[in-house]
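Shown here is one chain on its own, the form predicted alone, set out as structure tokens.
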């Protein structure tokens, strides 16, 4: 581990980590920097990197996250990129994996860390996981060369676009089922450098997003063709994440459903197929039902998480000509999928 002489920007966007109790439950509150610095003003504070805190004027309860927040957060990081050696984004856990995934696409070619973290228990509580998650994130950001967007939670350093929230109330809420941890903080801090993306040359693209451009269509027994018809037949919809069974299998015995999907593809809607399983990947064609999607022109999503598929599709629709989206969707841009 390197001597921590780096300068880190901590961006407080909201979330449980900075919330306080109210009569209606936990709510975001301002003044996080003062509370944090009071906790860090100990004899060991000199072991920490130089850090500054930027607090959003309008804090986000992450359940209320909207695509325009990705533009805001990406813009903040881009604007401050040359001034700091690393970034910590404090974010609510419910949509943390979506934001980490989107940041990985917007901030391609990184040469320094952006680590997204938060907590299950607020910093204001006597017993919490907030301080440990933040300190561990600072240790990784200031002590190691990590040129990618990560989620750091409960001692695990995960690739941001491979992470998902798997537990609603446990402290080890996040994991990356289809990719090994990038690092781990136990008694000692371990970093698996061989799993990291190579250092790049910053090529940041922070677009505006149309929130109606991408929708998710979950497959379930008894799905009526009325659902995809209502969902897909809107002029703003340009992309669909199809959430299918097992190795990427839809109910192909439902001709009305398959016809709706085929009509959407012919209209230029990009449909990407990801599995509902936590581990494994889509093998579109291993079964006859999946082969139907190949005929229609649905894009196999490999082992993309739902969060990564959704944000990648949003990002490509916002930044690329429509004719290029399908080809780009099928290859890895920043380690988000197996090829």
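Positions refer to the first chain, counted from 1. Remember, predicted model here, so these are calculated numbers, not experimental data.
Not on display, but discussed next: the form predicted in complex with a small molecule.
- Contact annotation: the small molecule lies within 4.5 Å of heavy atoms from the stretch 57 to 65 in the predicted complex, the single such stretch among 272 to 280, 57 to 65, 285 to 293, 31 to 39.
- A residue is said to contact a partner when one of its heavy atoms sits within 4.5 Å of a partner heavy atom; residue 93 meets this definition for the small molecule in the predicted complex.
- Taking the partner from elsewhere, residue 99 is found to have every heavy atom lying beyond 4.5 Å of the small molecule in the predicted complex.
- Among residues of the shown chain, residue 19 is one whose heavy atoms approach the small molecule to within 4.5 Å in the predicted complex.
- Contact check for residue 254: every heavy atom lies farther than 4.5 Å from the small molecule in the predicted complex.
- Scanning 120, 108, 71, 178 against the small molecule in the predicted complex with a 4.5 Å heavy atom cut-off leaves one residue, 120.
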